[in-house]
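First, one chain by itself in structure tokens, the form predicted on its own.
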């Protein structure tokens, strides 16, 4: 297979999926907080909660719309650029992806319409159910997509026919793949943490501007306190659970993530370092002795397989996997520190007046997006050279009749269109932010 064709197809899918995922991060993250604010309004009758829920509902709607538009090309690319993979695994993806569209998408969009336009027109309980439905639909959507990806990471519930194609034998095995539980928890928790940062960042922005003080205090406090819990959960147990799946099912990915070249008992954990695949070593490392063995297997003397004992054609791209993992882990550590500091300031009643902290939180909101994207880079690049782990190589999944030049040409077109969509998103969200929450009523 022409390597230029494989590279071009991977570049196009990587760009479109990473750009698209910026928006589901927001919808999955904000849906929970919209439901929380709606519940608080129903219980307390405080209209401030209703105004906050409605405001974030508008931000949710903009991201939902752009997410739909940018997600559609991904579905078509399975046929245009990855036809051999579609033929190979269509029996699996023909179940999970339509479920995402039929149930989650329509559920999410229907309840969003009820929530945004039903306020004051339907009973409060019905309106509250709209907010709950928005959250549930976004979380359900994420589950079906994650289940599809988990099958690519750890294929289950299938049989192969005489032509080598995959046929579904157990729908429930695919849905409850042993890989999907912790992966889904980690993905959703990362999105919720991003939502918490968005609440805190906008609250900090309004406080620095001296505007919408009630809304700003409520958003900042909720974002910081929820963010502290979520940042800790992102490390343990969800991050730890995903790591244990990697240890069990994808040892090559683990070695690339940690820059572990030698197979050894009592393997150290590299805090920093530069992987050199030519020398087969990590340059200028800072190690914690025996820590990788303990984190991976629960024993300080456990033996960890290194990259040097894995066939070169079965190793993932080491540098990309290693650096993406350390970006994700490093940012996760910073998130815990920031939220812990914010919770301390809240406890000392200085959260809303510490301008230096407000500036930090206002400027920090892009970093959870970077951490989420880096995590998916680890998951997908670290799975290489497999598109379905152990079953089909990525090079065997592309469309053999689509030339690399055609793919690059359409990639440039996607870049131009997505740039326009990004500018439109900035205009619409910026307009909502500048208008702020309606102070007089929730309508």
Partner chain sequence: MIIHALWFGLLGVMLAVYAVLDGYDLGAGAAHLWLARSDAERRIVLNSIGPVWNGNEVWLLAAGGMMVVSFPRLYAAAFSGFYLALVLVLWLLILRGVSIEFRSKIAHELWRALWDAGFCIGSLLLALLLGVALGNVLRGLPIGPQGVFQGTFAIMLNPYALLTGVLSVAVLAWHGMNFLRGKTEGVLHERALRWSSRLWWAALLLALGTTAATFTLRAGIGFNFARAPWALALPALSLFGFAWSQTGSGDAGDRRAFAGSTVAIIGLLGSAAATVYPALLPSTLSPAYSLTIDNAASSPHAMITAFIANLVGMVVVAGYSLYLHRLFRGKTRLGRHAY
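These numbers come from a predicted model, not from an experiment. Numbering follows the first chain given and starts at 1.
The next section is about a form of this same protein that is not shown, the form predicted together with its partner chain.
Q: Mind telling me which stretch in 230-238, 288-296, 351-359, 166-174 gets its heavy atoms within 4.5 Å of its partner chain in the model of the complex?
A: Heavy atoms within 4.5 Å of its partner chain in the model of the complex occur in 166-174.
Q | in the model of the complex, the one of 122, 343, 269, 336 near its partner chain [non-hydrogen atom within 4.5 angstroms] | A | Looking at 122, 343, 269, 336 one by one, just 122 meets the 4.5 Å heavy-atom criterion.
Q: State the residue from 99, 185, 132, 302 whose non-hydrogen atoms include one within 4.5 Å of its partner chain in the model of the complex.
A: Selected option: 99.
Q.
Contact with its partner chain in the model of the complex for residue 41, defined as at least one heavy atom pair within 4.5 Å: yes or no?
A. So residue 41 does not count as contacting its partner chain.
Q. Do residue 407 and its partner chain share at least one heavy atom pair within 4.5 Å in the model of the complex?
A. Heavy-atom contact with its partner chain at 4.5 Å: present for residue 407.
Q | is_contact(residue 76, its partner chain) in the model of the complex, heavy atom dist at most 4.5 Å | A | The answer is yes: residue 76 has a heavy atom within 4.5 Å of its partner chain.
Q.
I'd like to know whether residue 347 contacts its partner chain in the model of the complex, with contact meaning heavy atoms within 4.5 angstroms.
A. No, residue 347 sits far enough from its partner chain in the model of the complex that none of its heavy atoms falls within 4.5 Å.
Q | Joint contact, 143, 146 and 207 to its partner chain in the model of the complex, by non-hydrogen atom at 4.5 Å | A | None of them does, since no heavy atom lies within 4.5 Å of the partner.
Q) Quick one: which residues from 101-115 get a non-hydrogen atom within 4.5 Å of its partner chain in the model of the complex? A) Sequence-ordered list: 101, 102, 103, 105, 106, 107, 109, 110, 111, 113, 114.
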